[in-house]
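Before any questions on how it binds or moves, here is one chain, the form predicted alone, in structure tokens.
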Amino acid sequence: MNTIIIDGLSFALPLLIIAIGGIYSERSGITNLALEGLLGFGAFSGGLFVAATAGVFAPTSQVPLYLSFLVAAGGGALFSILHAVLCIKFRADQVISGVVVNIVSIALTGFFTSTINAAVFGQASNKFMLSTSPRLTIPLISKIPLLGAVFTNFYPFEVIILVLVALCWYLLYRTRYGLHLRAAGDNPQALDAAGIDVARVRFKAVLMSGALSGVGGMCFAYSISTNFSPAIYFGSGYLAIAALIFGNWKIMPTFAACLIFGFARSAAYQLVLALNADASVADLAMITPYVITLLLLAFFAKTNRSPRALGELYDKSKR
């Protein structure tokens, strides 16, 4: 059970920060199916930083690890400008824009990784190898049955994510900007009448979604693959979208959805190990979160209430 909790949290928390990025974008009125591409480009940026600074820091230094999350956030935010410009400036279909951004991200990061490795590092590889992330255990508390598993063998980025979740919750629900953002997705006409630039609020929200997705992508690069490669695109962005929909575009219910997905994935994997099944069965077990997604969306779809102006192009002349 402890292993299920430990591994479940290491998957659920990065998924949560990506989903919160989606919440920021969609609560502002911009449909964001581009989370998969944003997390991938963020992980690419952080992986490139680690590869480029490999000889700068001491081998045991953890500074590159923490700086890589800042770079990943910047890379994700930078790449999200493409989605923001297409949807807000050029008024493109937001669903199509998100799909295009995902495809472009996969193509660009794969090409850049292979090219940079060949030209700069002299390696024929499509991966940026990352240093092994340390794991931490808090004495005494970790000995408590079940609850202690939360404080056992966890990644440092899990603490970072929890801090970010608290800050994002406060920003969205307790600040003037959060009020403007939610109004942009529910009643942009009223927000415009109050003298607030709807396009600017939405643009910032999309940038926020890119930054948070980049952090989540870097977390997955450290915890799941210990490198950046095209394998980082394994559907977690779409799973984050499902989590925020199931969570009704609210942070805490989305947190619960991510925990369900994370623990389901971890439990399925541990069951495979207990049965000593072959690799093909293990791969099949990894679809458990997606099956649960389908079931949850099927049973709870009628209770979901999306932002009223989600996906709608705001025309100031029709105010």
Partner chain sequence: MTKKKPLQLFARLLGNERWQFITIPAFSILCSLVAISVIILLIGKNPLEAFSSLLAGAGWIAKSNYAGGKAAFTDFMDMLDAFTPMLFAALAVTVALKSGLFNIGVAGQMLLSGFIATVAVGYSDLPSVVARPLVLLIGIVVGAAAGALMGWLKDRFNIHEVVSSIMLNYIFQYVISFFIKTRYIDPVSRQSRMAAASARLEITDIKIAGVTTHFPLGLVLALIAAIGIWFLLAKTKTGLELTATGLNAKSARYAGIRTGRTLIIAMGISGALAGLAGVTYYLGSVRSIIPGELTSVGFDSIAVALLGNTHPLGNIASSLLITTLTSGSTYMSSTVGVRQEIASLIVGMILLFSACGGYLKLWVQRATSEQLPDKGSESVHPRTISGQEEQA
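Residue numbers count along the first chain shown, from 1. Keep in mind the model is a prediction, meaning the values are calculated, not measured.
The protein also exists as the form predicted together with its partner chain; that form is not presented, and the subsequent description refers to it.
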> Which residue among Leu147, Ile138, Ile96, Ala166 has a heavy atom within 4.5 angstroms of its partner chain in the predicted complex?
Replying inline: Ile96
> Which residue among Gly235, Gly74, Pro156, Gly178 has a heavy atom within 4.5 angstroms of its partner chain in the predicted complex?
Replying inline: Gly235
> Do heavy atoms from each of Ile103, Leu108 and Leu297 fall within 4.5 Å of its partner chain in the predicted complex?
Replying inline: yes
> Contact between Ser225 and its partner chain in the predicted complex at 4.5 Å, heavy atoms?
Replying inline: no
> Within a 4.5 Å heavy atom cut-off, is Leu130 in contact with its partner chain in the predicted complex?
Replying inline: no
> At the 4.5 Å heavy atom threshold, is Ala58 in contact with its partner chain in the predicted complex?
Replying inline: no
> Are any of the heavy atoms in Lys143 no more than 4.5 Å from a heavy atom of its partner chain in the predicted complex?
Replying inline: no
> Out of 78 to 86, 189 to 197, 166 to 174, 202 to 210, where are the residues with a heavy atom within 4.5 Å of its partner chain in the predicted complex?
Replying inline: 78 to 86
